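Below you'll find only one chain, the form predicted on its own, shown as structure tokens.
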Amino acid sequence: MRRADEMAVSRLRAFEERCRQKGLPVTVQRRTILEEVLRRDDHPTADDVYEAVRARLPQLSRTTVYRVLETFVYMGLVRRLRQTKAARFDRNIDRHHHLVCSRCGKVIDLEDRTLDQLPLPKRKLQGFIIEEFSVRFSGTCSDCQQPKE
């Protein structure tokens, strides 16, 4: 089994366990939406997820997808990225950073341990306590750098 497949199976088990702990039913809709997010590495929007799963679940509403994704964020199963025009969802919940294309909006994971070691301010900033951070770099992705034919 590939590492990505192992991770997905593990995360689906964690999902089922967290649902039981919170008293939430493990529905076909929730499971299908989570499977879709876990199989993707492109940081999909809620609309992207909706378009991808509606063939399998034709009765699924866009509102349900939004609600389920927000539930997953609350449960710690996915992260919401608000660094782009539309909220995107990230299957990688470990600390990592992002490259964001300012032309097409593409988001790319950036694993860099030196960024993880950036010193945080030791004092409270205007009463704000930093608990977690990630770095976002804006620029132009390789696809957008290619000349148009």
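Residue numbers run from 1 along the displayed sequence. Every value quoted in this text rests on a predicted model; they were computed, and no experiment measured them.
There is another form of this protein, the form predicted together with the DNA, and it is not shown here; the text below is about that form.
In the model of the complex, the DNA stays beyond 4.5 Å of every heavy atom belonging to Ala14.
Proximity of Lys85 to the DNA in the model of the complex falls within the 4.5 Å heavy atom cutoff. The shortest heavy atom separation between Arg62 and the DNA in the model of the complex is within 4.5 Å. In the model of the complex, the DNA lies within 4.5 Å of some heavy atom of Thr27.
The listed set Val68, Leu38, Val49, Val107 contains one residue whose heavy atoms approach the DNA in the model of the complex to within 4.5 Å, identified as Val68. Looking at 5-13, 18-26, 137-145, 124-132, the stretch with residues near the DNA in the model of the complex, meaning non-hydrogen atoms within 4.5 angstroms, turns out to be 18-26.
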